[in-house]
Ligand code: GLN
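Quick setup: one chain, the form predicted alone, written in structure tokens, and binding and motion questions come after.
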């Protein structure tokens, strides 16, 4: 908690503008966007939109009102956990710790699947069957279901709370979605080779890099949703052959990757028999998504 007179001698009874300035100063060691986060935190605290907050900068406010949320953020807690939701692909999603917070780079995974289905589906005489494994909050599958009406969506995660959160988010966005708890594609054994698209944002961080990650991740998010062996590819090595067995001929596998993993994963795909391998870079120029087609 801040001192009774406010951090740095600032009085509790202040203006919104002064409160934002002081909050932003305190957030500098935590984030690259301290002013933006200060605005989000204070707007949430006061029950205002960010635009409404910025229209009231000269109004009085008690600095102590923001202290509980500010203390959580200064402990590196993700804003998504503080607010209980986060935006992904233009839609809000419920988020609870320690589930992985939806990230903008994963939107490229969605774009890859949408582009493929737009070209692939017209030739089918039936809806596509699309599976999202390691679904977390369900954001990927639900966005696909939101935009791909009439297709069959499936989501799976090894964590029961992730499956429950996915179901909750699917209800929120009125997306029909078959959810199941289990390891990778194992829960879909009864469906055989009936998938047209398999997508995943699996754990891909090498275990030796854990201590180099942001405290926002290491102090709050589930390590099992991130770490995958010495090179980060343990789960991907399982997913690729499973996907080959479960995909229809002509079907797509799309995976999110860590930096520098593209060449190794492309080689795994080629050895399994996949072709039409493509790499998509994120906004930072990192090879982030790899996709491949099962063609016999």
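Just so you know, these numbers come straight off a predicted model, no measurement behind them. Positions refer to the first chain, counted from 1.
FYI, the form predicted together with this ligand isn't displayed, but the following is about it.
Contact annotation: of the candidates 78, 145, 202, 187, the single residue with a non-hydrogen atom within 4.5 angstroms of this ligand in the model of the complex is 202.
Note on contacts: among 225, 163, 170, 128, the single residue with a heavy atom within 4.5 Å of this ligand in the model of the complex is 225. Partner contacts here mean any heavy atom within 4.5 Å of this ligand in the model of the complex, and among 79-87, 118-126, 204-212, 175-183 they occur only in 204-212. Using a 4.5 Å cut-off to this ligand in the model of the complex, each of 100, 103 and 288 places a heavy atom inside that distance.
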